[in-house]
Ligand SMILES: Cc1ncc(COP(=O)(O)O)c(C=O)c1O
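The chain that follows stands alone, in the form predicted on its own, written as structure tokens.
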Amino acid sequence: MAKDLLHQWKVSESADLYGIKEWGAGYFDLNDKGEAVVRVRYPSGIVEVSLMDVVQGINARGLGSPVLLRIQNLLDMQITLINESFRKAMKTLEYKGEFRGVFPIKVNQQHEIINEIIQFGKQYHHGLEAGSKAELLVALAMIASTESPLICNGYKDAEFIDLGLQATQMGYKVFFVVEMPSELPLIIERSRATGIRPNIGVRLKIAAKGGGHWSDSGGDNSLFGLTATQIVDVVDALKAEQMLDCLKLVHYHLGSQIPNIRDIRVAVQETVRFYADLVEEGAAMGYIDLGGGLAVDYDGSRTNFVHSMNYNIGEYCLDVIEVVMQVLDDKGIEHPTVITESGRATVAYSTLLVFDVLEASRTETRDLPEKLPEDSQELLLNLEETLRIVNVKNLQECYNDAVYYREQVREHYKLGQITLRNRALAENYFLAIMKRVVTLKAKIKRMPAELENLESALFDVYYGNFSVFQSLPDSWAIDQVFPVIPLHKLNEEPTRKAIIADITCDSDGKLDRFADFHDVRRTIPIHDLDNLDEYYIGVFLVGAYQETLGDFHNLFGDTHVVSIRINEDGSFDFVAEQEGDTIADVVSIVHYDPKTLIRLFREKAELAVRQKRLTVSERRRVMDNYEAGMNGYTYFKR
């Protein structure tokens, strides 16, 4: 009670603890009730909506969690921010060209996302990038403005090229980016056959490399792109065909998330040199595509850490335009249209995953006896003695002794020399010693290496109602860190430290890497579940790649998806609801016929009736349950 009087936990402390003001980019924060909120800017001011109010609305509609929540306003605001930041930079530096944003469909292929980007982005002539024939067909149908670039990357067969040429004939700005030398002859051949002159670009294999997970996207060993020699070959081939006027664009891709602005500047400078030389070779040019790489600050540290960025969007735009101008103005070359393929930065903020916590496994000791009987086994007596005498002066020694005694207990148990109950008692003594060591180690001046990260081994496991592999595949595949916070109770101190396990039966199905300032912490501060009927957690900034890459591990399917739009008066509308996959849906994906499965199980139930194991009425209940399960949600239902 005295401690409570001295210090009452504040919402601001939770905001600092989880870093929401830093990674939230002004879109996310906490309110006075201790709930996570989303903020949207209107001309009349900032509108704030509690995410728990949204969760209650989802539950009231019978969907429940897990659910992927899309906030359409945030997608619109990021499109505006990118386009207006480039416009501002161009005006400030007196740049004579234009900017065109392009969204790579692979980053999030969902219809709702693409449609919103195209419809809202139409005012900016925001375009699309297609890297496959399927994506090209989507892009050709969805693109709304003939001024919007359609960038064609990836392998291109004759059918792909013909589709793009026909769209060019219809007035659309379709660019075939030559990534492999073998592509150019086919483009030339199809152009001759159709009588349609293409817009051609070349992807550069630049020497510059970015940092982070995608460093191999640039440099000499990158998978795609043309060397300087191959680019000369392209120029000569086009000259020979009287088609050099078709070469209009240079393109490079440094990586999906480039945290260091210096890497971006170096890559842009090299790319503009190629552009200038191609102009001097006689190519028409006019467009420079700087690919992706505009980062998202997942940890809020604003550094060159892999999950962060040491620049903001305004600085990025100014640096890009400044470098382009420095190179081209020296040579007297007209300013081209600058294109960027900022997919991650466009969609990451707009989507979060919401799930409820089902239960927790705690690292807590059971009640220990006041004193062990004198005839107890020696190893138990040793552990009891270690717990009794541990202090600041002998901390290292007691830690080493406890580890040794625990290992001996386990060896004796394997040999049948210690009972199950005594092993359990020994484990409780060991855990009590470790907790005492963690408490005392803060008082010592020189920290032994073995004790530095001891806290990280003393964590709870909170079980969340979701699948990492379906909803957060990058956290498993490439150790991507996403901001994770409770959506409520943030006016109370989180007293537990935990990792979060999903409900797949896989040891990799967990979140044990959490955003921290220029670091990754292995546990998350979290609230005790005692006396809580429900506890919701949000994983933020998941709009890029996660839906595209998700798989069906353990046959957990797509979650429910809900989209909201926040209104200027502070209300919000549910503008789209999509129920998650049923079990019938996911078993169909792996080539089971749900009707056949029901028939096979019905035959088993009928056999059980003949064998007098079930009555006819019991058989009916069994079949009702089976069919209801087949048509039900793949996730846990309370």
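None of the values given here were measured: they were computed from a predicted structure. In case it trips you up, residue 1 is the first one in the sequence shown, and so on.
Missing here is the form predicted in complex with the named molecule; even so, the following discussion is about that form.
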### Task
Indicate whether the candidate residues N153, Q257 and R344 are all in contact with the named molecule in the predicted bound form, with contact defined as any heavy atom within 4.5 Å.
yes
### Task
Report whether the minimum heavy atom distance between R203 and the named molecule in the predicted bound form is within 4.5 Å.
yes
### Task
Verify the contact flag for V107: yes if a non-hydrogen atom of it lies within 4.5 Å of a non-hydrogen atom of the named molecule in the predicted bound form, no if not.
yes
### Exercise: G293 in contact with the named molecule in the predicted bound form, heavy atom 4.5 Å
yes
### Message
So, F160 and the named molecule: in the predicted bound form, are they within 4.5 Å at any heavy atom pair?
### Response
no
### Query
Using a 4.5 Å cut on heavy atoms, which of H253, R190, H126, H488 is close to the named molecule in the predicted bound form?
H253
### Summary
The listed residue (F469, Y462, Y399, Y545) that reaches within 4.5 Å of the named molecule in the predicted bound form by any heavy atom is Y545
### Message
Taking 4.5 angstroms as the heavy atom distance cut-off, pick the stretch from 89 to 97, 491 to 499, 245 to 253, 402 to 410 that is near the named molecule in the predicted bound form.
### Response
245 to 253
